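Coming up is one lone chain in structure tokens, specifically the form predicted alone.
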Amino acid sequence: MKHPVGQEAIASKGWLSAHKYLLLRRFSQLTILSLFMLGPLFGVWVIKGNLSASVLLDTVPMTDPFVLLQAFAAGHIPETTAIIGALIITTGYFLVGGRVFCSWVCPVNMISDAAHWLRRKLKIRTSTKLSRKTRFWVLAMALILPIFLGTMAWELINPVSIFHRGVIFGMGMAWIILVGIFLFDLLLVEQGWCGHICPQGALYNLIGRFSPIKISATKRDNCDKCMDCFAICPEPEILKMPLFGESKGFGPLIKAADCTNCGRCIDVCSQDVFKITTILPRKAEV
């Protein structure tokens, strides 16, 4: 009988170690949300604005590059501070792995993860398929439409912006979109929103394509083929070659830009096959 996902890891290294990166991600997501809420709720303005555009400590501008590109496409000329803010954010996510935004910052990820967890628990299997390239087509559409409409059309329905504004100022009808994403992921397409449709994730995929921070199956010889990492990974297709492609000349490094650096493969592996590493050259040891 197949054991529950992660059960072997819990038995071998304890519950906390088997959920370390999951807990760290939730802490990161909730802390970021809380910092934005401190101002409106308590008058403590650590960060002013939202995930689209903000200012840290009244000094450091931060602009979502996706929003900036939409503004350009709509014919708006952003202020210099907005451009600087976009460069700061783009550089930051490039260094740590572009789709780190998806797994460590984006609040919608919590909804998608909840649907993925419940899907496994209820053993829901569906035949509906979407190409993972769909998100790039949606990204292109989100950047082309403003050229003709003169407005950032995507931001009217962007679940990331809606979630963030809703938590601070009240959800209203925004719940419909967020519940829709949950049900879509649960009943139709596994990891449907984050893995197949979200254009913001597609952009960070492009930004992080050559990021120096990666996950590697450094001890792949220890793999016992339990397949827990495949069950838990939001982009499981990226694991195949790093784990099992040695005979075909593939190294253990997960080079795919689809990787979100979420670390769940590290959590659920009882054999400690995976670790976070860097592709930067290292000095030779003397």
Partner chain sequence: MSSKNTYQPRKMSRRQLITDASRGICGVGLLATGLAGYAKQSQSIAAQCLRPPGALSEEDFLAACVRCGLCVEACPYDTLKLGKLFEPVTTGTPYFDANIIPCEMCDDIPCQEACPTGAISPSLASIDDAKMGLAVLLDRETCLNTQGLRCDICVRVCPLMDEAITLEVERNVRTGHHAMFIPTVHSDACTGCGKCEHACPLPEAAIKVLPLELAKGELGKHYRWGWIEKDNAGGSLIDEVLDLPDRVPEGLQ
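The shown structure was predicted, so the numbers you read here are calculated from the model rather than taken from an experiment. Residue numbers count along the first chain shown, from 1.
Below, we refer to the form predicted together with its partner chain, which is not included among the displayed structures.
- Listed residues 213, 181, 174, 105 were compared with its partner chain in the predicted complex; 174 is the one with a heavy atom within 4.5 Å.
- Per the 4.5 Å heavy atom criterion, its partner chain in the predicted complex is contacted by stretch 77 to 85, the sole one of 77 to 85, 200 to 208, 95 to 103, 108 to 116.
- Candidate site formed by 40, 54 and 153: every one of these residues places a non-hydrogen atom within 4.5 angstroms of its partner chain in the predicted complex.
- In the predicted complex, at least one heavy atom of residue 162 sits within 4.5 Å of a heavy atom of its partner chain.
- Heavy atoms of residue 49 reach within 4.5 Å of its partner chain in the predicted complex, making it an interface residue.
- Contact annotation: residue 167 falls outside 4.5 Å of its partner chain in the predicted complex, judged by heavy atom distances.
- Shown alone here, residue 71 lies within 4.5 Å of its partner chain in the predicted complex, counting heavy atoms only.
- Applying a 4.5 Å heavy atom cutoff to its partner chain in the predicted complex picks out 248, 249, 250 from 243 to 261, in order along the sequence.
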